[in-house]
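Okay, here we've got a single chain as C-alpha cells, the form predicted on its own, with questions on binding and movement later.
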C-alpha cells in the first residue's frame, strides 16, 4: 500500500512509501483511507521541525486528520464494513496521569501522551490503516466528501465547551463572538457560533479570495480592519483566537469589554518580541473579571459532538472549505501554500 512517511527532524524526507498492508488486532478496525487533511503541524513535521517516529522505527507515517471507510470490523463491535469513520488522534499516556485516567487525554498533565501521525504512533496518511474500536468515530454517510474536517472541528468543539464552562461561573447569556483568523479552525469556530444562534464576526487580514464569501455564506460578518478597532467597536462577549499572532492576541486582550472570555487556540511561534502595556492589560483583566484560556486537542466526547455539528451543517458550505484536493502521488504539492488556500487535503483513494 502507499503511505506518506517522513524521517522526523530531517528536512526533505517526505516520500510516498510502499508499506505492507496492516493486519488489524482483535480490537481494531481495518479502514480504507479516503483522505487526510494538511495543517500547520503537518507542515512543521515535513519541514523537519517536529515529530517522533514509533519506537524502533526510522520513519513516521504522517496524517492526523483522517477519513476512511471500514473494510472489516471485529465481531460484536458497533461498526460494520462500509461505515464512514475518523480515527482519534491522541492516546492516553501509559502511566497514566489523573486526567488521562478519566478519559481526558486532551488535558494530559505529564506530556507522555502519544499522537497518531505526530508523536510515536503512525498516522492515517496511508491507503489502509487500523484503529482501535474505542478510538474510532462513525460519521453520517452524508459527510463522505467532507468528513476529513472532523478533527479540526473537534478542536473548536472543545474550545466552545471550555468557553461555556468558564462563562457559567456567573450569569452568562452571550450574544456575540469574534473569531480572529479565517483559516479552517477559525471558520469552523464561526460555524459552531452560528449554530448556537450567536451574532458571529470573523476578522482576517485578506480582502479577497474565498474567505470573505465563506464568512458571508455562513451568515456571519467579515472584518479586515485593525484588531483593536474591531474589538473596541464590537465589544464581543467571546473571542475565539485562531491566529497565534502576538499583535492580534494582545490587540484582543487590550480591547475587550467586561466579563469577556478569550479562548486561545492558535499556537504562536517562539522568539518574537512585542512591546505591550502589561500593567494596563492586567488591570483590565482583573477589574473586568475577564478570562483568558488556552485550548488544544480533543477527547472522545468532542469527536462525537463535532460529528453531530458537521452532520447539521450545510454540506455545500463545508465542501467549499476544501479548496484543494491533492492525490497522494503528488502529496508534496499539498505542503506548498497557494494564495487562495483554506483547507488542503490529500486524497488516498483516487489518483
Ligand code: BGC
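Predicted, not measured: the structure shown is a model, and the values here were computed from it. Numbering follows the first chain given and starts at 1.
Heads up, the form predicted in complex with the named molecule isn't pictured, but that's what we're talking about next.
>> Is it the case in the model of the complex that 28, 71 and 137 each bring at least one heavy atom within 4.5 Å of the named molecule?
In response: No, the whole trio is out of contact, none within 4.5 Å by any heavy atom.
> In terms of non-hydrogen atoms within 4.5 angstroms, which of the given stretches 112 to 120, 230 to 238, 172 to 180, 138 to 146 touches the named molecule in the model of the complex?
Replying inline: The contacting stretch here is 112 to 120.
> Of the residues 315, 326, 39, 285, which one places a heavy atom within 4.5 Å of the named molecule in the model of the complex?
Replying inline: None of the others qualify; the residue that does is 39.
>> By the heavy atom within 4.5 Å rule, which residue out of 322, 311, 296, 292 makes contact with the named molecule in the model of the complex?
In response: Exactly one listed residue reaches within 4.5 Å, namely 296.
> Heavy atom to heavy atom, is residue 302 within 4.5 Å of the named molecule in the model of the complex?
Replying inline: No, residue 302 sits far enough from the named molecule in the model of the complex that none of its heavy atoms falls within 4.5 Å.
>> Given that the named molecule is not shown alongside this chain, does residue 90 nevertheless sit within 4.5 Å of it in the model of the complex, heavy atom to heavy atom?
In response: Contact check for residue 90: yes, within 4.5 Å of the named molecule in the model of the complex.
> Can any non-hydrogen atom of residue 248 be found within 4.5 angstroms of the named molecule in the model of the complex?
Replying inline: The answer is no: residue 248 has no heavy atom within 4.5 Å of the named molecule.
>> I'd like to check something about residue 85: if you look in the model of the complex, is any of its heavy atoms closer than or equal to 4.5 Å to a heavy atom of the named molecule?
In response: No, residue 85 sits far enough from the named molecule in the model of the complex that none of its heavy atoms falls within 4.5 Å.
> Which residues in 126 to 153 have a heavy atom within 4.5 Å of the named molecule in the model of the complex?
Replying inline: The stretch 126 to 153, when checked against the named molecule in the model of the complex, contributes only 151 at the 4.5 Å heavy-atom cut-off.
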